[in-house]
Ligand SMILES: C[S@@+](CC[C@H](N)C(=O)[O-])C[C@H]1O[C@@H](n2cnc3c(N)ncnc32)[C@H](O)[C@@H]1O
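There is one chain below, alone, in structure tokens, taken in the form predicted on its own.
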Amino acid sequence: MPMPLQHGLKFDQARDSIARQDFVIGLRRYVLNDLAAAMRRRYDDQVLPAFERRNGRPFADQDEIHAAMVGNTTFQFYSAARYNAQEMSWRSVIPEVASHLGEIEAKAGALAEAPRGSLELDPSLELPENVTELDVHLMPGGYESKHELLAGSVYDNGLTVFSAGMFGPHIDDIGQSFAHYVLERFPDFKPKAIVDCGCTVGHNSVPWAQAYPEAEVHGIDVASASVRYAHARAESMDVAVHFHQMDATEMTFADESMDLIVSAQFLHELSIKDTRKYLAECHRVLRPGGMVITMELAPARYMAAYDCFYLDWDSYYNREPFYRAFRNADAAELGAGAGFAKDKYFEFVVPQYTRTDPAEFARQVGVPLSLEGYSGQIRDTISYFGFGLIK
């Protein structure tokens, strides 16, 4: 069963819609677990031995594997099923969202009458092509829409299907996990100003405000439709977050005005050129001693060539063209180019906070980096990779 949202912008869905979403969740589990395992067996039993016979060596990297697998029927079937399941994650919720837009608008309007946080839009902001020209994640229309709340609600509800409930009823487990990681690892760090970059619907902005109630928390995104929804969503949860339509590569915050800059699965949506610009902006905006905390994909250098090939699927077929390039990059080098000292760079893996006993979570924060079990599969519990930069 899909896990329904538990905030004030939720709505009651028809049983046939819930059944469709339940089917999509089951299909995605089958594709990412069973079909993925079958594809790996075909690689081990046929594709790899055939390549070694022809070339006298194993595959050098994920690109060679991809070139060899493209013509393989198992990979083709896997890709077709996964592509369709991805589209279905969004299409299973779009009719319900569309039919409840009036209700969502009314709730958002009522919440705006006495806000705890704020919303700032910039109609003059020129949206980047990776937002306007791509249906990222195969979501129709991407993060922006002509209707003020449509894209945000589709993303919010669709992500509950896509994640198969892994991120909890507020789809905020990533934010909760990283906020509590910082609380545990840096107990003396008391940020007064926090900004979540590429915040979409604010699902990972709210946990930072909850973890640091004395801090002023901001969420920024270039898509007005996303931050409009994010603002109403946070207000419905009685959490004060200040949302801005803003480009993270050209922030309008003053120099040295932030203590903590966070993001979740944001940098792999940027070109390497824009990632450099973003990190330079982080360095400018951070106060001395401030931190950048980033949840991202595990770097290619830590993973076997096949696992890199498997994760690169999104770059080729899920309309995330920068995904592969970011995983192949060196975040420490990118940070150094932006002004962060290399010895102030750190990496970590954090368990799911909402699915881990607090004492065990605290213990794992102190465990050395390990990517054992890190995969693209749907499991009962998963771990997240992250890195940090200290100014």
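Keep in mind it's a predicted model, so treat the numbers as computed, not measured. In this text, residue numbers run from 1 along the sequence as written.
The same protein also exists as the form predicted together with this ligand; that form is not shown, yet it is the one meant from here on.
With a cut-off of 4.5 Å between heavy atoms, is Ser153 one of the residues that contacts this ligand in the predicted complex? Ser153 lies outside the contact set for this ligand.
Given that the partner is absent here, does Pro128 sit within 4.5 Å of this ligand in the predicted complex, heavy atoms only? Taking the distances in the predicted complex, the answer for Pro128 is yes, it comes within 4.5 Å of this ligand.
Is there any non-hydrogen atom of Gly198 lying within 4.5 Å of this ligand in the predicted complex? Taking the distances in the predicted complex, the answer for Gly198 is yes, it comes within 4.5 Å of this ligand.
So in the predicted complex, does Glu235 come within 4.5 Å of this ligand, heavy atom to heavy atom? Outside the cut-off, so no.
Give me the residue from Ala179, Val93, Ala248, Leu149 that has a heavy atom within 4.5 Å of this ligand in the predicted complex. The option sitting close enough to the partner is Ala248.
Could you check which residue among Asp259, Glu269, Asp173, Asp314 gets a heavy atom within 4.5 Å of this ligand in the predicted complex? Checked against the cut-off, the match is Glu269.
When this ligand is placed as it is in the predicted complex, which of 223 to 231, 103 to 111, 299 to 307, 285 to 293 ends up with heavy atoms within 4.5 Å of it? In the other structure, the partner sits against 223 to 231.
Could you run down 81 to 112 and flag each residue that has a heavy atom within 4.5 Å of this ligand in the predicted complex? Nothing in this stretch is in contact.
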